[in-house]
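Before any questions on binding or motion, here is one chain by itself as structure tokens, the form predicted alone.
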């Protein structure tokens, strides 16, 4: 009977569960106990919190409703590690997560082991109807954890940058040498196109429903904007030229004293950039990263271009699936953007840096969030955010698809985000 039940499992789902959960802990292996609790700003969460929150997700949405008599690992963890699900109950303030010296990292790892043990035991009891019911939640939980894997590394980078010692997350990280090739703008026909997810495979609810949009003919740069190109923007006074900036962007630049991307420093030997491998000389061939939407938009104006809409990006990405996937993902274990290759066609449409679009994060026509607390996952944030596309060097490659929509506030800079230019035909 056990064998027959397990055979109803979607292929590879058990193995994938173990791989995704194991990767989160592997990413924390270089960190000390002190590193695990640091929170350098309200938008950052301590690594220990990421490990616990992703575990809480599986416990709350899968174990508790589906295992008769299941008792949570700890009665207060639901309060500590709920992120923002109001329908579940109250939660600890995001800006105070760095005060959670307890539970210890060892206790959080015990929590993960407890939930993993109970969840795999649950999987062993499922029949076909059970798998059909729980597979969407399992897939959501795994994709949710993959989101937190890249956030964890972005947060570690910000935490370490706040330390005057400028410590490295890993000393062994290496960059690939490269040259900044001249940018080429590739023509895209436009017209009526279909966007959004529709078909087999996982997608978040904000990628649906699939619908049609009309695009004017446009051109899209074949590669990302580089650090060398962005340095020209800095040295010619881009941060001191108000006509290049949106009103809110200019006010933000003035209020926060921005003069360069986050993690750039000017030293005695020129510009340097803080990376997960420590402080390194700025490589002009690498894609610029850790800039806000405001900075991306200002640079596009400086270059005489514009940012693409999210639908222009998606149409180009879907049409470019025949090109080699040359982007740099978490899988390559470099953890920083790398120079583009020299091949023809679009380069780095996926990977290296999230690409700011000109599109506000809004619901698609006929969008409806899922019923219940899990419906708070994406829909409640459709205000005051901008869409990013393509993934980055910290994103697991399998996590991405042409329809994937990420979103951040327009002033966010700790995310690994850059830009690709667009223009009208």
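Please read these numbers as outputs of a predicted model, since none were measured by experiment. Residue numbers count along the first chain shown, from 1.
Missing here is the form predicted in complex with a further copy of the same chain; even so, the following discussion is about that form.
Residue 35 within 4.5 Å of a further copy of the same chain in the predicted complex, heavy atoms: Residue-level check for residue 35: yes, a contact with a further copy of the same chain.
So in the predicted complex, is a further copy of the same chain close enough to residue 247 to count as touching (4.5 Å, heavy atoms)? Yes - in the predicted complex, heavy atoms of residue 247 and a further copy of the same chain come within 4.5 Å of each other.
Should residue 111 be classed as touching a further copy of the same chain in the predicted complex when contacts are defined as heavy atoms within 4.5 Å? So residue 111 does not count as contacting a further copy of the same chain.
Whether residue 269 contacts a further copy of the same chain in the predicted complex should be assessed with a 4.5 Å heavy atom distance threshold; does it? No - in the predicted complex, heavy atoms of residue 269 and a further copy of the same chain never come within 4.5 Å of each other.
a further copy of the same chain in the predicted complex: within 4.5 Å of a heavy atom of each of 30, 101 and 243? The answer is yes; 30, 101 and 243 each reach a further copy of the same chain.
Within 4.5 Å of a further copy of the same chain in the predicted complex, heavy atoms considered, which of 64, 382, 397, 370? Exactly one residue meets the criterion: 382.
May I ask you to choose, among 302, 264, 311, 160, the residue with a heavy atom within 4.5 Å of a further copy of the same chain in the predicted complex? Comparing distances to a further copy of the same chain in the predicted complex, the residue within 4.5 Å is 160.
Would you mind picking out the stretch of 101-109, 347-355, 328-336, 272-280 that comes within 4.5 angstroms of a further copy of the same chain in the predicted complex, counting non-hydrogen atoms? Within 4.5 Å of the partner lies stretch 101-109.
Going by heavy atoms, what in 200-221 lies within 4.5 angstroms of a further copy of the same chain in the predicted complex? Sequence-ordered list: 211, 212, 214, 216, 217.
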